[in-house]
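Consider the single chain below, provided in structure tokens and representing the form predicted on its own.
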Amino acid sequence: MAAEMTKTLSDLPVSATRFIGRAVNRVEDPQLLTGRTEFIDNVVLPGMLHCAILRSPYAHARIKSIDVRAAEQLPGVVAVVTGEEARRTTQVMASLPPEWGTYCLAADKARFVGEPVAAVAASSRYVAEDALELINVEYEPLTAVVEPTQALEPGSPLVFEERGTNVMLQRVLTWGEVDQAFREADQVFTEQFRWHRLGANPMETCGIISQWDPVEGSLTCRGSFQAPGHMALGAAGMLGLPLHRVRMIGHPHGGSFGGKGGARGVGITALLSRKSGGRPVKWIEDRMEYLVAGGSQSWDRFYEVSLAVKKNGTVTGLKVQLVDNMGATGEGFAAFSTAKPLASFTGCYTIASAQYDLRLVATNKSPQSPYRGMGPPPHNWVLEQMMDIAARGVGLDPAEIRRRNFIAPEQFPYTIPSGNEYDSGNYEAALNKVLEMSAYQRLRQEQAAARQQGRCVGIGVVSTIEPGVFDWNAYAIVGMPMTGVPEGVTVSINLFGKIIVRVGFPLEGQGQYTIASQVLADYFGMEMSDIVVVPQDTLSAPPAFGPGGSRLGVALTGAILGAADQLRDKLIKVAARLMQTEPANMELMDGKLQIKGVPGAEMPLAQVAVVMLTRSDLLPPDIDPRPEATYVWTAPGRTQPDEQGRAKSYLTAANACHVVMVEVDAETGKVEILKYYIADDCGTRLNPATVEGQTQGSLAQGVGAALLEEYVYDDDGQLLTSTFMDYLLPTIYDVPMAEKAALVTPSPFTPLGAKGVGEGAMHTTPAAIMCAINDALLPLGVRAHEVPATPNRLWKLIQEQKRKT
């Protein structure tokens, strides 16, 4: 399939491209900047009701009774639903691992603080909130289990009694002769690490309007959905509806970063709408709801990691033990995040053997959800720290040990021990570039001078992979049986020769509509203003997933080129008929259908389209009168996973090298980022401005992960960071503007050679900053093992070391 498509820039039917590869202005921005974009909270439907949700104040409690009679009597209240109604009329929500889900409203007991136990639809949000005060819930508090160490103890309280254990999944995956590698190693380095829970925090929270059609027995949902098709599938299963009776309309939204699943919100508003006789019910999640029990929390991890190393610095084996605190259920599909590291398990390095000992543990924290990067950022964080530890152990510079272990350019495509195949890259070139940009040796001299002054200055040098263009098969080890993620578009030419492209995902902010316009404008020799992108609902769009997994730029380009190729072939047949020649003699070039080698024998694209739409009597008998084509793209060459989870999963492997210099204040523990440099290679840059934005934005998220962000729970499972006063996001004053350089090794597997880059520096920045912090602390004999590396944590480490010495 892919081999027949237009695959390179030189394959495009134009003399020269004008838009692809250039930092063009985004077509989305005029509507956004003038405030004309319709977000979900702007939508008002006739007869619309408003939803408020009553949530459990306990992390673990049996629900003995719920009395809603007083709430139902409050003027303005139209419907009230509880867990009992959810149990009678819906299915348990889908989860991973399977069979760790619950109903959208707690039916028998609450398993985390903030779990919905009842909900109200009323004439206004104010009335609905007042009604919640009138609902009387009798709880029997149970002992909460908050940390996996506690949850794994014999006799520990069980989150799901019927499961008989809190272990949601346990697997040991071994790739290659890892025990032999450790037996034969000259040195073995082992460390423990703790990555505390953080997560996605878009400025717009989740919003949904659900409306039942009581005549057809169907549901229409409007919402700030990241992946409407995926939401429709989940809603249909939860509500027991056939998929063609569920229509999801994705609205433009202010980013997701993985945190806009909203499955419970769909179920609850749908139940309220049905009980209200089909009136639309809106729920806009407030900030505290989102922080406490929304799709915001990710990556709550305990690691023990070992490296087997030869005297010359060659790393021969890697062992990773991970205990992941998944929270109360598997409803957020966060288990994906523990499986995705298989796509880049050994990083940029030729480590021949590896082992992954994985345990997912249920506790009474909020369920985890996906977050930008989907799991490898913590994995990279531990792997890169271990590379630094090994470097010091064998007496090498951190840059040099990486150089000695890099996969060489001539080794691509390269299959890593965990089964994924990297497409292309030149990691040493990226390292050389970032060392040159940063004047690395001079940085080391500055560091030495600073140490002479008693200052704690450190330098981090880190190189990572960003797996791009995900496939479901990457998640087989946690129970996902699928392969292939389709992305489809329909491309049409109208009577005036302009192009309409219909897609199956809403505007989310990454500039994908601009990329669609760039590709089509170049393909058909038009201006970008001649292209209109139309998002469609799930009953109208071709099969589509939308953003997620650093895939959409590549997948969308593939779908558009496939449709454009089909449309070109159709136009050529029509033009050949009109010009009385054979199709083989025709070509599309610079927006014209022309006879090859005959100057002037040509028809403009628009003229051919007009004939198709207005003179069907002139068309070839096998051509219908539609200048239109639909194409659904999915990554080629994906494989079924074997018993050890090995598969060709992520299609591309972008690479980035970061160098960062930090200073740690030994008196306070505060970290200041002094300098930051990035050299990255994501193949062909379809729009360099978009890549720049993705990189700088993900750098900000990486700074938050390294230094600030943490969801803190007490021993009873109460979240202590439920506002932005307590959960600290990085501001413009915390995030440096990195100096950046681009390298380009086009992917041989993707349309136009682009690689996924939507997650970007989030993969690398936490590791780079942590390596720099530990380099700074080296003279003090202190090593930090936790993120965020807050001033308090670092200060405690320094004080403890002072007491020892």
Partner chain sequence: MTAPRPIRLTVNGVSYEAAVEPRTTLVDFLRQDLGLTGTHVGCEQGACGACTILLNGQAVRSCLMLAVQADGAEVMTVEGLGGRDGALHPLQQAFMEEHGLQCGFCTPGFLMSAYELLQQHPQPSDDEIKEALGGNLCRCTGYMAIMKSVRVAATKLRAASPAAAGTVEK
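Because the structure is predicted, anything quoted here is derived from the model rather than measured. Positions refer to the first chain, counted from 1.
What comes next is about the form predicted together with its partner chain, which is not displayed.
Taking non-hydrogen atoms only, G199 approaches its partner chain to within 4.5 angstroms in the model of the complex. By the criterion of a heavy atom within 4.5 Å, T149 is excluded from the residues contacting its partner chain in the model of the complex.
In the model of the complex, its partner chain sits within 4.5 Å of a heavy atom of A689. Put simply, L9 is far from its partner chain in the model of the complex: not one heavy atom of it is within 4.5 Å. Within 4.5 Å of its partner chain in the model of the complex, a heavy atom is found for all three of G509, T723 and T731. Shown without its partner, this chain lists S418, T102, T205, S210 as candidates; in the model of the complex, only T205 has a non-hydrogen atom within 4.5 angstroms of its partner chain. The single contact residue among S369, T314, Q694, T630, judged by any heavy atom lying within 4.5 Å of its partner chain in the model of the complex, is Q694. Listed stretches are 127-135, 106-114, 657-665, 604-612; the contact stretch with its partner chain in the model of the complex is 127-135, by a heavy atom cutoff of 4.5 Å.
Contact residues in stretch 13-45 (any heavy atom within 4.5 Å of its partner chain, taken in the model of the complex) are A23, V24, N25, R26, D29, P30, L32, L33, T34, G35, F39, D41, N42.
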